[in-house]
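Presented as structure tokens, the chain that follows is alone, the form predicted on its own.
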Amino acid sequence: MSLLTTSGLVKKFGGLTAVNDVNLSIEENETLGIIGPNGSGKTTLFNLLTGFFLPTSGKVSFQGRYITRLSPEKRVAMGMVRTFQLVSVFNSLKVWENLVPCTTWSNKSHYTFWKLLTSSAQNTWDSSREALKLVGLENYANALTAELSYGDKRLLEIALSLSLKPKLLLLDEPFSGLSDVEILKVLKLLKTLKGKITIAIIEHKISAIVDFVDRLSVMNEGRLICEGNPSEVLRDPLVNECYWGKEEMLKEEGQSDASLV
């Protein structure tokens, strides 16, 4: 049984169909890459998977359970965790404070939550340090988050995601805005996670993930147009056409798949 599946997933915004009849499956401990031109529906798909958007029609299942209309926080509690295109961390806090477990709680459990923080300060600190060590930021634990480089903020965001112990980690363009050196740093971290947790990654820098992912899915105009082995997918004429256009492909007939990577 797949860890996550979608069936006939559709999302419309007025007259625009952003996601169109997508049937996707992600296997346990698989690393799946999702690529496609700008505006192809990739982030909208992630928003549907994680509950930030409700679908116009179709279903989402996680661990064999329909979660189509489940709230984002309930999906996180089930083990579905995501990052965003723009780094989302708390700049005004110390680095380690970003990792304090802050889950949604009701008025009824509010007191219990704060009692936990005050009575388990050492455990909270130790857990935060452990998560920072995993991404190589333990020496910055007491630094102000605003002082970190953008690449280190991305690592912190991933540490925050990992501290939630995800079964499925969804990364939305984790290399966006990073230098080549920073990309290698983040990729090195992700490679340590491969096969240990299930990962789905959206990325425009195809060359950075082609040897990292097990399978590649390509979206164009809201649809999944091709899936399979990364090297084979990148040689697919339909995939090249959606990136370069039919006229350009005719001009460049015979070009290798290196054009995409």
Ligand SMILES: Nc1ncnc2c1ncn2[C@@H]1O[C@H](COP(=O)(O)OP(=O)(O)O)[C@@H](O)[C@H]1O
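Predicted model, so just to flag it, every value in this text is computed and none were measured. Quick note: we count residues from 1 along the sequence shown, nothing fancier.
One more form of this protein, predicted together with the named molecule, exists but is not displayed; see below.
Within 4.5 Å of the named molecule in the predicted bound form, a heavy atom is found for every one of Phe13, Ala18 and Asn38. For the options Ser61, Thr43, Asn29, Thr56, the residue carrying a heavy atom within 4.5 angstroms of the named molecule in the predicted bound form is Thr43. Residue contact with the named molecule in the predicted bound form: Ser161 places no heavy atom within 4.5 Å of it. Although the partner is absent here, Gln85 sits close enough that one of its heavy atoms falls within 4.5 Å of the named molecule in the predicted bound form. Proximity to the named molecule in the predicted bound form, taken as heavy atoms within 4.5 Å, picks out 43 to 51 from the listed stretches 43 to 51, 191 to 199, 227 to 235, 209 to 217.
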